[in-house]
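A single chain, nothing else alongside it, follows as structure tokens in the form predicted on its own.
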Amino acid sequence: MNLLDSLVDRAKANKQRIVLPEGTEERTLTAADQLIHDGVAEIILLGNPGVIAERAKKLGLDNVDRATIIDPKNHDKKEIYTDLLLELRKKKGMTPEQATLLVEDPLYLACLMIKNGDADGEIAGAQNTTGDVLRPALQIIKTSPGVKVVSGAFIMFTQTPQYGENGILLFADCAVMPNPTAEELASIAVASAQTMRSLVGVEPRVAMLSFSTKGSAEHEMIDKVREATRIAKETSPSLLIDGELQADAALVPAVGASKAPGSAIAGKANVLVFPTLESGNIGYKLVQRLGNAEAIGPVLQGMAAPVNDLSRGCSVDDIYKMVAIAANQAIGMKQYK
């Protein structure tokens, strides 16, 4: 059984409530239909019930009516969520009129449902930009305690079983933070370890990547990685992490033993933390295209609850997989809370 099958089975065994705010979007509806049929999660669709029913009929979907369907403009908890939003944002100057308007926005409503304990995770982005998905999530759900930033990780299913965890590695940050500070990079490392533990179910071994291994070069960019490694070790003493390491020293046992003798991570890493978004984004795309790896993500990490962003060019299968991933994130967060 591969990892994706395992994630689906784990989600089925411990069903989480996943809200899909783009509930009238056709790919979302098709994925929801299949997810409900397979019993992967309890699906909550946000949108006009009449429009959802009409589009489900047009698409020949038989299971959508088994979802919880909520009309953002008219539902029993609208006043509760309005009061919650006003309380959360009143220090930022939000007025009752603004709260009343925003609570009808499906992206805000989804986050308020999670904050109120009525849903466990959210998937959006088939119709909305990353900024639109993240804005209400950061305002309402916020980051996990001790986490400084939100970052984006990709689970890489490579054709090289000798590396990582039988060919599976996690790359971060590949989607959010352009140039993290040392403190932010440390936070990304800790969050990436939690993602690896929650989704792949193995002990993370984190390599902080650079163009230097253990002092083979000197530069302020290397200093940042060293400082980030120190901070991560200080904040998470049990975390298996080392840096700075070049990519080959992180992955190849012989190179790791030569360049970083005595390191518990060199040559054994399964989590690669890149120093900048530029390097992370380039790195995962090169491995994906030239190495024929499957890249699943971005999995947004660091949030207090799972909120994952889709590409607007996503497929039905992408949505299906991301719901399974969000369900596993939710399970993991509850387990390690």
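Keep in mind the model is a prediction, meaning the values are calculated, not measured. The first residue of the shown sequence is 1; numbering continues from there.
Keep in mind that the form predicted in complex with a small molecule is missing from the display, and what follows is about it.
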Report summary line: The one option of Ala249, Leu185, Cys174, Leu109 with any heavy atom within 4.5 Å of the small molecule in the predicted complex is Cys174
Report summary line: in the predicted complex, the residue from Gly131, Gly146, Pro261, Pro253 with a non-hydrogen atom within 4.5 Å of the small molecule is Gly131
Query raised in the report: Wondering, does Pro306 line up within 4.5 Å of the small molecule in the predicted complex on heavy atoms?
Result: no
Query raised in the report: Does Ser236 reach the small molecule in the predicted complex if we count a contact as any heavy atom within 4.5 Å?
Result: no
Query raised in the report: Would Leu240 count as touching the small molecule in the predicted complex under a 4.5 Å heavy atom rule?
Result: no
Query raised in the report: Might Pro178 be said to contact the small molecule in the predicted complex, defining contact as any heavy atom within 4.5 Å?
Result: yes
Query raised in the report: the small molecule isn't shown here, but in the predicted complex, which of 41-49, 281-289, 27-35, 66-74 has heavy atoms within 4.5 Å of it?
Result: 281-289
